[in-house]
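Here you get one chain, nothing else, as structure tokens; it is the form predicted on its own.
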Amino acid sequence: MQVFLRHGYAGTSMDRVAAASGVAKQTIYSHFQDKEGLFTILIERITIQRLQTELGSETLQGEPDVLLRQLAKAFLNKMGDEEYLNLFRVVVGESVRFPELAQLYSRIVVQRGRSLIADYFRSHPELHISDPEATAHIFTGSLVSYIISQKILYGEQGVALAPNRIVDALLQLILQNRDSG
């Protein structure tokens, strides 16, 4: 990961990865088919696996007010991690030259996360969510927007906005129709 973060996707070769990890290049190829395969595993490790570890599960379970708060906080913690922020910067920075890299990130992180949350919304009809996919996109998009404005664009140095305020307002919007109807 450090090689990708230091040199970007384009500047990272399997020779550099082998030298940095202290193993033969053939050893890396025996575990990963190519650079994209290695990067895929790194994305999964830094994003999905860390979030699942924080949540303690591969599926979303629990009462909406508790689970959604826990999910939002875990997401903000993950995205606030310097290694993750740097990975996100590499993906965004290289997306023009390597659109397949952005598409890979989108498939592994964005689409999987949105699908997981949409499935959770579908399994909770008491929330009265008419479009689970769009609501899942709004949920994650609000959190990503917060990270971009506060961390990537260094907004916290100007007008800081406490993460709890974002989480509270987001949950209020999603939970406001619960049990009505």
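Basically, rigid core = biggest C-alpha set you can superpose within 1.5 Å across the two forms. Note that the structure is predicted; figures quoted are calculated from it, not measured. Quick note: we count residues from 1 along the sequence shown, nothing fancier.
Here the subject shifts to the form predicted in complex with the DNA, a form of this protein not shown in this document.
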Query raised in the report: Using 4.5 Å between non-hydrogen atoms, is His128 touching the DNA in the predicted bound form?
Result: no
Report task. With heavy atoms only and a cut-off of 4.5 Å, decide whether Lys35 touches the DNA in the predicted bound form. Result -> yes
Query raised in the report: Is there a heavy atom of Ser13 lying 4.5 Å or less from a heavy atom of the DNA in the predicted bound form?
Result: yes
Query raised in the report: Among 65-73, 41-49, 25-33, 137-145, which stretch has residues whose heavy atoms lie within 4.5 Å of the DNA in the predicted bound form?
Result: 25-33
Query raised in the report: After the core is matched up, is the C-alpha of Ala160 off by 2 Å or more between this form and the one not shown?
Result: no
Query raised in the report: Aligning on the rigid core, do we see the C-alpha of Asp119 shift 2 angstroms or more between this form and the one not shown?
Result: no
Requested in this report: For Leu38, state whether the C-alpha moves by 2 Å or more between this form and the one not shown after rigid core superposition.
Outcome: yes
Query raised in the report: Between His7 and Ile152, does the Cα distance in the predicted bound form come out closer or farther than in this form, changing by 3 Å or more?
Result: closer
**Report entry** Gly11 and Lys151, C-alpha gap in the predicted bound form relative to this structure (3 Å or more)
**Finding:** closer
